[in-house]
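Next up: a single chain in C-alpha cells, the form predicted alone.
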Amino acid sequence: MSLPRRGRKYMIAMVGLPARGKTFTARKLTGYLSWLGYATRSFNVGERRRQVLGPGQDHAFFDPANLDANVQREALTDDTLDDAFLWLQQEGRIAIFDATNGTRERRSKIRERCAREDVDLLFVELFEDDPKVIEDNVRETKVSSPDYVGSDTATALRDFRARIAHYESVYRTLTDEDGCFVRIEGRGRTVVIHEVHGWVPGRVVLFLSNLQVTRRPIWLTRHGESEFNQAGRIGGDSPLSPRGLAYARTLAEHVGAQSEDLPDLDVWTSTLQRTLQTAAPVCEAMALESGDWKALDEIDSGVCDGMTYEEIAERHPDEFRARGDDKLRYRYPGGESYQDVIQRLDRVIVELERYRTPVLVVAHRAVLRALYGYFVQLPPERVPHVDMPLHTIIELTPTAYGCRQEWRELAMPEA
C-alpha cells in the first residue's frame, strides 16, 4: 500500500525540562516518520540560538528574571516556530518543534497558531524525576555540547544544573487544558494519553511507548547464497547452495565467538527456508530458538517471481522500465513495492526499538535495505539502492544521538 501524497498536517511539539531526552526523541521520531513516507522535519530552538548568537551562553541567559535575555529567547522561539509552519505550508507533512515549551503561555500560543493554520497539534512531554537518570543524561550529552567547548567538566556541570533550575522555576506539566498530548514518564514506565485520535498520532504514541535508549548491537545479514542466487533468479523459496550452507556455519562461528558479550541474544528470520537454514547453525551452537516473522519475508515480486532480470526485461519491458524509473514506489504486478515492504516492517521496527538485548536478523536484500535505512536515517529514495551483499554482517549500535555501524564480510572456507 502506498502512502497518500496529501492529508492532514501535523505539529508535534516537544515538552520537557533540559536533559530529559527531547532532542533524542525528536530525532528518532523524525527518522521514523520519514521512513514511513511522511515528509517530516525537526526544528530545534537551541540550534537556532547557537546559529544566531553563537554557542556559549551561560545559565544567566536562561534565567526568567533576565528580561533582556527573555526577549531574545522568545524571538528565537517564535522564529523557529515560523520556520516550522513555513515547512508545513510548503512540502512538509509533519513538523516537530523541539523546545522546552514548559509554560502554559507558550503552549497556548502554539495551540492558537495551529488552530489558525488548520494544523493538527500533538504535545509530547518527557517527564523524568529520577536524579540518577537526569545526571547520567547531563554527563553523557550536555557537557559535550557546543555550549561548553573549552569548559572543564565541573564548570559545565555546574552551569547546566543552574540552567535546569531556571527552567524548573517556571515549568508546568501538561494538563487536560493542553488538548491532545502524550506524556512519557520515567523512560516509558508510565504513558499518559489524552485526546489522541488519528493514524499519525496513534503511530507516534505506539512508537514512543516502546522507544528505549539501550546500547546493544543489532546484527543484520542476508541469508547465505541460495540456489536462486546462483541462477540469478528473484523471489522463490529455494534452499541454500553449498556455498550458502558454508556461510551459515561461518556465521555461527562468528556469533559464537561473541557469545560472552551477547547475553539473551534473539535470532529473527523470515519464514522462507533460506533464512531458516542460515540461522539454524547459530541457534544450534548457542542453544537458541529462532523467531520467524512473515513481515521479514522478501519483497513479493508478483508475476516476476522466479525470473531473472533479463527475462523480466524481455517479457515485461514496460514493467522493467517503470521499476528503473522509481524503484521506491514501483510495485510488481500482483506483488509489492519498497514502500509496501516498509509498511509491513513497521511492527518489526517497533519491536527492535523495544528490545534491550542483542538481536540477529537474518533476512533478505530488500527487507534489510529498509531496516538499515531506518536505523541510519537514509532518505526513503535511497533505500532501494543500498548495496547489501551476501555473506556480510552489519553491526548496528543505536546510541543517544546516532547509530554506529560496522560492516564485515565473513571469510569463507575454501572449497
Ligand code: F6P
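Not measured: the values here are computed from a predicted model. Note that residue numbering follows the sequence shown and begins at 1.
Keep in mind that the form predicted in complex with the ligand is not shown, yet the notes after this line are about it.
K.L.:
Does the 4.5 Å heavy atom contact test between I299 and the ligand in the predicted complex come out positive?
P.N.:
I299: contacts the ligand in the predicted complex.
K.L.:
Using a 4.5 Å heavy atom cut-off, state whether Y338 contacts the ligand in the predicted complex.
P.N.:
Contact check for Y338: yes, within 4.5 Å of the ligand in the predicted complex.
K.L.:
Taking 4.5 angstroms as the cut-off for heavy atoms, does H194 touch the ligand in the predicted complex?
P.N.:
Flag for H194 set to no.
K.L.:
Quick one: is Y309 in contact with the ligand in the predicted complex, heavy atoms, 4.5 Å cut-off?
P.N.:
Within the cut-off, so yes.
K.L.:
Tell me whether R49, R104 and R107, taken together, all sit within 4.5 Å of the ligand in the predicted complex, counting heavy atoms only.
P.N.:
The answer is no; none of R49, R104 and R107 reaches the ligand.
K.L.:
Out of R216, R323, R163, R111, which one falls within 4.5 Å of the ligand in the predicted complex, going by heavy atoms?
P.N.:
None of the others qualify; the residue that does is R323.
K.L.:
Would you kindly say which of N229, S270, T80, T250 lies with a heavy atom within 4.5 Å of the ligand in the predicted complex?
P.N.:
Result of the distance check: N229.
K.L.:
What stretch, of 84-92, 140-148, 288-296, 221-229, brings heavy atoms to within 4.5 Å of the ligand in the predicted complex?
P.N.:
Looking at the other structure, the answer is 221-229.
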